[in-house]
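We begin with a single chain expressed as structure tokens, specifically the form predicted alone.
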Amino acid sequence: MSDLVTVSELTRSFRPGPPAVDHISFSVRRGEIFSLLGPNGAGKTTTIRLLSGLIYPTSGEVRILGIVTTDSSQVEEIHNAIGLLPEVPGLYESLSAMQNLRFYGRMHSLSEATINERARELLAAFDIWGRRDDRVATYSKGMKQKVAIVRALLHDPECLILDEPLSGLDPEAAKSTRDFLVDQRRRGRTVIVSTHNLDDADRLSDRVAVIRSRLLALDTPSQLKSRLFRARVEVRMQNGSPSVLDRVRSLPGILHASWEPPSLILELAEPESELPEVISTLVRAGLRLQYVTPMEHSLEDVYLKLVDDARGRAGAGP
């Protein structure tokens, strides 16, 4: 899978104060959903603006399809390659959805036939085709967000760049938007998302980048979890007690054991090879097991650990 976006030593400063984005480097592969995570003020929106060419970097560069986004001679080509959902949807609320889409479609030099065809397909996918001629001012926040995503897709770009696309949406609207983004990936489109919703990022993302001005970590959600946390297993029992700890703590590979009634919680070095011996030991001791299940850490656990560690390093000083 080749890279569609390449970010090299990207830095953006706003004086006074430290850089909002500080020497960040990463690449985004074709056909993946790539999420930017970080606390408020971490530089996510600034990074989105730099990726889309709305602002220029203080240093470093962004390449989309090999084109440097600061190359003024290639502005039109870059704008055609990306579809942007900014922090604020920016629709003309006195106009209808179709009037908004016709306006933006003409800015991309699309024909009326193409605008109408794409608008019908996309608005129908979001279940708002029936409201296409109503003024945007009468729409809910979720409907406005959907129209803004349709606008970003209208010219059929290779890359979608979305700043908080699920923010403020009700559960039904959020689910339909998630499903839509997964479908875009299935069609081969690249999707870059900035989000605070860690559960959505965990479910949607092929890879995530955690930033706090600098890049703290970049990997798949599952790899980040396994890298930062030990494997944990819950062994639920019908007739367990704290005394079971004495039986398992001496077994090889047990890194930590705790009793959380009615379950034994274990941290294991190599669960696949060590868990059978644990189970055999418990059964021989007359304990009745109800189930044994892995306890997965969430992307939220990963995020909080990375951000807390970064705060700790910053607080420690040189």
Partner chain sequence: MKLERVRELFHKDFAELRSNRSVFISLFVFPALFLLEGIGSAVARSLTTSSSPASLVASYISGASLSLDLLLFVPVITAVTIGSNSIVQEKTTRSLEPLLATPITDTELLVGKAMTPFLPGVIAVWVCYTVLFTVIDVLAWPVTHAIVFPTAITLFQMWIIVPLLGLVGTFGVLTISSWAKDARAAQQMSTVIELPAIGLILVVFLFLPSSWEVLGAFAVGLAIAAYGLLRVAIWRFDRPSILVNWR
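Fair warning: this is a prediction, and the values are worked out from it, not measured in the lab. Positions refer to the first chain, counted from 1. We call the rigid core whatever largest set of C-alpha positions still superposes within 1.5 Å between the two forms.
Omitted here: the form predicted in complex with its partner chain. The next part is about that form.
Taking non-hydrogen atoms only, residue 156 never approaches its partner chain to within 4.5 angstroms in the predicted complex.
Interface membership of residue 126, defined by any non-hydrogen atom within 4.5 Å of its partner chain in the predicted complex, is ruled out.
Using a 4.5 angstroms limit between non-hydrogen atoms, residue 151 touches its partner chain in the predicted complex. Looking at residue 65, you'd find every heavy atom of it more than 4.5 angstroms from its partner chain in the predicted complex.
Each of 86, 95 and 108 places at least one heavy atom within 4.5 Å of its partner chain in the predicted complex. Only one listed stretch (240 to 248, 75 to 83, 209 to 217, 177 to 185) carries heavy atoms within 4.5 Å of its partner chain in the predicted complex, and that stretch is 75 to 83. Only one of the listed residues (254, 55, 289, 275) places a non-hydrogen atom within 4.5 angstroms of its partner chain in the predicted complex, and that residue is 55. Though its partner chain is absent from this view, in the predicted complex it lies within 4.5 Å of a heavy atom of just one residue from 171, 168, 130, 90, which is 90. Contacts to its partner chain in the predicted complex (heavy atom within 4.5 Å) from stretch 14 to 52: 14, 49. Superposition on the rigid core between the shown form and the other one places the CA atom of residue 76 less than 2 Å from its counterpart. Core-superposed comparison between the shown form and the other one: the Cα of residue 95 travels 2 Å or more.
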